[in-house]
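Take a look at this single chain in structure tokens; it is the form predicted on its own.
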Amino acid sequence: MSALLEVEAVTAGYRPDLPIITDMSVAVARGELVTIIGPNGAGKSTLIKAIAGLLKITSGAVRLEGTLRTNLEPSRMADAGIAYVPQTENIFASLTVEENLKVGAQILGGRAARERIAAAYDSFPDLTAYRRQKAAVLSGGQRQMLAVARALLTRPHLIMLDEPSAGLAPKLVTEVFQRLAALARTGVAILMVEQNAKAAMAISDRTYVLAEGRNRLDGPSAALIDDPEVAAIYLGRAGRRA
């Protein structure tokens, strides 16, 4: 399966002289759901922020559909077809659900925006009943669905999510993950950072395990979900295959 996104030996961080991730490589194919897991401080969020253009990449390359996209401004990465949903502050709580979607669709223009917003309600029907209400009243799971729905309005090739299950009750985690799995089946590529490792691996095609800013293990999620080496990495032991 050819890669839609190719991240090759990327080193990045918040300061050029203090990298958080080193020689990190990740690939995501069209319609594939890929999960990045690892202990706290492993560099998971740093990686997707660097891909999105929010952090400076000091070495390595990011390619989308074979075209070099390293260190583009976030707006240009969005134009290239990459949508990024942060862990927090990913919706406008003071705006209504409808207004949130209109903000996401504002670059599309009148008819296209209306059609995409209508399609968003079809894809995320739980939002329909709240369309005229402030987004602040939504549950945690509904907020995540709104954030994803808004990100999808421009029909990106790839959507990246940072901890979509953070703070959610187990039932809502299941619901959000089921929505993401269904979304991948429509052909959208998904790259997801998650702390809820087993739940995320259960719905993903492949998994990367990070520790101390480096790739430690990767492979099909079904093969890694019960691998003791993954547990060893979480506990701080690099293990035989690292």
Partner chain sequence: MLQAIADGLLTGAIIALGAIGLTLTMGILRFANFAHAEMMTWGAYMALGVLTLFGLPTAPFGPLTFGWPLLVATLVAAGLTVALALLIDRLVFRPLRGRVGHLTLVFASFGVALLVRNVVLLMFGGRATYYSNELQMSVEVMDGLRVMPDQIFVFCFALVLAGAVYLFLQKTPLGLAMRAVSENPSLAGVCGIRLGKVVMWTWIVGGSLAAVAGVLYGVTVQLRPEIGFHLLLPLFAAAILGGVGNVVGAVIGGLLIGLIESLSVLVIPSGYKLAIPFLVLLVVLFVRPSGLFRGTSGGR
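Numbering follows the first chain given and starts at 1. Remember, it's a predicted structure, so these values are computed and weren't measured experimentally. Definition used throughout: the rigid core is the maximal C-alpha set that superposes within 1.5 Å between two forms.
Below, we refer to the form predicted together with the partner chain, which is not included among the displayed structures.
- Contact with the partner chain in the predicted bound form, defined as a heavy atom within 4.5 Å, holds for exactly one of L172, A119, L95, L72, namely L95.
- Put simply, of L54, L183, A199, A61 only one has a heavy atom within 4.5 Å of the partner chain in the predicted bound form, and it is L54.
- Among residues of the shown chain, A129 is not one whose heavy atoms approach the partner chain to within 4.5 Å in the predicted bound form.
- Put simply, Q133 is far from the partner chain in the predicted bound form: not one heavy atom of it is within 4.5 Å.
- Shown alone here, P86 lies within 4.5 Å of the partner chain in the predicted bound form, counting heavy atoms only.
- Using a 4.5 angstroms threshold between heavy atoms, G104 counts as touching the partner chain in the predicted bound form.
- Put the two forms on the same core and the Cα of S75 is off by less than 2 Å between this form and the one not shown.
- Annotation for L158: C-alpha shift under 2 angstroms between this form and the one not shown, rigid core superposed.
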